[in-house]
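Next comes just one chain, in structure tokens: the form predicted alone.
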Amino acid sequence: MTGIVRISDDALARACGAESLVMAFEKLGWTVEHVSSWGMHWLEPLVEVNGVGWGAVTVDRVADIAEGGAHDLCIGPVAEHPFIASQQQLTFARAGRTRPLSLDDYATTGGWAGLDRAREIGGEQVLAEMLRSGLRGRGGAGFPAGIKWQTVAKAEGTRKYVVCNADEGDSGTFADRMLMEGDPFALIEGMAICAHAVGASQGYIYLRSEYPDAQRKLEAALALSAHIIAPFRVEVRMGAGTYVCGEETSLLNSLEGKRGEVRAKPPLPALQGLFGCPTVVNNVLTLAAVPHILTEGGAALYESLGVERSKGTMPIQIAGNVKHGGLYETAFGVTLRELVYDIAGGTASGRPVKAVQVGGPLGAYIHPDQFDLPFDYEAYTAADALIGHGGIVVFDDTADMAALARFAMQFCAAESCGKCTPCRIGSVRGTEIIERILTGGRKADAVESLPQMHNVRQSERSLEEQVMLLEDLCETMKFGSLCALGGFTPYPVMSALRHWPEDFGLAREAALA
């Protein structure tokens, strides 16, 4: 028996052994189509024949599948799987369904319709549609994309740029990578629409250096689509390998060949960005959402989804200690309880969930008592938490929240660009304070290098004073840092201390109110 089998060439699928399956099927005479990933990562590598899927396939089961067997691995029609069927897919509507570098597949699934309409209605109307849609930046800050575009469009300048921030460095996030590897033309089309609206002729994709597969896909897609997006041009530039270059001004410095260091604002990049010119800086998910919005009626549909000021859909990345990790796109408003238990299936270990970190390594740890919090920018802000890039990482009850809080400070110290004192020095002092709390106020190994008199003074502080000192330090970092690295580090630290004081060796009444 022979035929056509579809297997993802997504980096995660390949890491799980997809290439070995390709060779095994080809050896049996089957034709293999390389497609994008469905986003059900716990089932990779996933094999699909005539719409029916087999999950977590190993090479020794290929012959069984080829003969129509392996029923224990069969998941039925992939598109009807509950994980897929319950989603509201817009940005990832092509996931698992198209070949990433096929212009025909892209065009037959609605590709380039948004760009065609943008050229037809003109830049001003494009801006109006973007504002109407309510699309907000999916990179973390949640700033309205339409307002940013409008600012660049109105700014004076002979040259303007569109820069895609593809430096996806948050823990538990992979949506940008999946989009660039699985549907690169969507990102290119979104950038071309943006360029048309603001009057830019040059674009750059600043790509994380750890994403070689995405680089290969993007460069091939740009070569194939150059004639479609002309006169707009796009180049891929590889990142500097540092977390802080995910911050837009550090990214711009790196693009200019300078040290990846935060710039003080103002001026805003929208007015003085790349090479001092007005620049739109949006991340992958923001730009990839644009083509759908610009299709006929797309802005109205996008506006109708979500809650309050959080409009449209969000590709949520589920990772950590879960049974069903992967990418789940749905409208804003879904709760963590639904995501963790109904969609992710609870913990892979079978133990109770202790915490969920939302928004990357700088996001707050959410306690199970808060799991009814709706996925909404304002709701998370009110709870001293972040949505960020939409990544959630689940921990069971064996997690040491004090160790995780200490790691947040250590991470900030290691990744700080050094430009501002609250981040550069505050993160080091924060690590030391947490160490003193964990040792009951005694001198910890982490602070032995400090002057002896300083150690004596610090060791004389009570645990209550150490907690107050940590709170004051976090407030200084939160409001005094130049960028989100130092400004957001207090979120995981304070949330861990507030909700799990016993992990710090503290009585609950000794923690923050």
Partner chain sequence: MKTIDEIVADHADREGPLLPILHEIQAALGCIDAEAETRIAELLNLTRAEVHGVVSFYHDFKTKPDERPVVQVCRAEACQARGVEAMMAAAHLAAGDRVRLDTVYCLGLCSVGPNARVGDDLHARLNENSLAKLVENA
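Numbering follows the first chain given and starts at 1. The model shown is predicted, which means the values in this text are computed figures rather than measured ones.
Only in words, not in the display: the form predicted together with its partner chain, which the text now covers.
Peer 1: Quick check on Ser209: any heavy atom within 4.5 Å of its partner chain in the predicted complex?
Peer 2: Ser209 belongs to the contact set for its partner chain.
Peer 1: Taking the shortest heavy atom distance, is Glu80 within 4.5 Å of its partner chain in the predicted complex?
Peer 2: No, Glu80 sits far enough from its partner chain in the predicted complex that none of its heavy atoms falls within 4.5 Å.
Peer 1: Please tell me whether any heavy atom belonging to Gln89 falls inside 4.5 Å of a heavy atom of its partner chain, as the geometry stands in the predicted complex.
Peer 2: Result no; Gln89 lies far from its partner chain in the predicted complex.
Peer 1: According to a 4.5 angstroms non-hydrogen atom cut-off, is Arg259 in contact with its partner chain in the predicted complex?
Peer 2: Looking in the predicted complex, residue contacts with its partner chain include Arg259, since a heavy atom lies within 4.5 Å.
Peer 1: Check for me: heavy atom within 4.5 Å of its partner chain in the predicted complex, for each of His41, Gln357 and Cys417, yes or no.
Peer 2: Yes: each residue has a heavy atom within 4.5 Å of the partner.
Peer 1: What is the one choice in Leu268, Val307, Ala379, Met238 with a heavy atom within 4.5 Å of its partner chain in the predicted complex?
Peer 2: Of the listed residues, the single hit is Met238.
Peer 1: Pick from Gly146, Pro100, Gly426, Pro361: which has a non-hydrogen atom within 4.5 Å of its partner chain in the predicted complex?
Peer 2: Of Gly146, Pro100, Gly426, Pro361, the residue with a heavy atom within 4.5 Å of its partner chain in the predicted complex is Pro361.
Peer 1: For the chain shown here without its partner, which stretch in 292 to 300, 192 to 200, 168 to 176, 131 to 139 has non-hydrogen atoms within 4.5 angstroms of its partner chain in the predicted complex?
Peer 2: Checking each option against the 4.5 Å cut-off leaves 168 to 176.
Peer 1: Could you run down 389 to 408 and flag each residue that has a heavy atom within 4.5 Å of its partner chain in the predicted complex?
Peer 2: Heavy-atom contacts within 4.5 Å come from Val393, Val394, Phe395, Leu404, Phe407.
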